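Below sits a lone chain in structure tokens, taken as the form predicted on its own.
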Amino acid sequence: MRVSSLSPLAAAMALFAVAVFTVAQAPPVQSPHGDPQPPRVFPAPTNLKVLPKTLTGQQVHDIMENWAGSLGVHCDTCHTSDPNNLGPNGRPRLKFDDDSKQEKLTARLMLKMTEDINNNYVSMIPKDKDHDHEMEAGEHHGLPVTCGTCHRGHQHPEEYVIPKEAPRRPEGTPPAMPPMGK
């Protein structure tokens, strides 16, 4: 049995590939007057501590958009605003390299946790008997854990309550007697 894991760079690149495909399928952005807008340019990231430092601004933006959607939050949940630096919309721009918000530190910790789960646990799940092909490097046997696995669109995961099972016997019927030993 071959066991493989998904490195942080491979995970980031997989997210990037999904984002590129999604962007390629999207219609061009239009201004309120119907004119096509030039594509938005994202500056090179700084202060990357858990994501690979080789990522472009666009790649980091795409990863952050995915995380924000998975948690049902906006950028300002983790990033502080700079009241001295206003954007074209008149609102303060965000200071992406600032580490003062606990939510940003928590997000980094959660990324490390999901990488650990995927690399050291999900990657060890035995191959499904319905898939007879050899596993390629970087392929998982199970589905990778993502932010959305637990958060499902909520900043704080909701407690899972086990549903009550339907009764297996008609109400009022006594349980069956266990078999008697010899």
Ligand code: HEC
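Residues carry their position along the shown sequence, with the first being 1. Please read all numbers here as calculations on a predicted model, not as lab measurements.
Not on display, but discussed next: the form predicted together with heme C (HEC).
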| item | value |
| --- | --- |
| Touches heme C (HEC) in the predicted bound form: residue 46 (any heavy atom, 4.5 Å) | yes |
| Heme C (HEC) contact in the predicted bound form: residue 120, any heavy atom under 4.5 Å | no |
| Interface membership of residue 59, heme C (HEC) in the predicted bound form, 4.5 Å heavy atom rule | no |
| Any non-hydrogen atom of residue 155 within 4.5 angstroms of heme C (HEC) in the predicted bound form | yes |
| Residues of 47-81 having any heavy atom within 4.5 Å of heme C (HEC) in the predicted bound form, listed in sequence order | 47, 48, 49, 50, 51, 60, 61, 64, 65, 67, 68, 71, 73, 74, 75, 78, 79 |
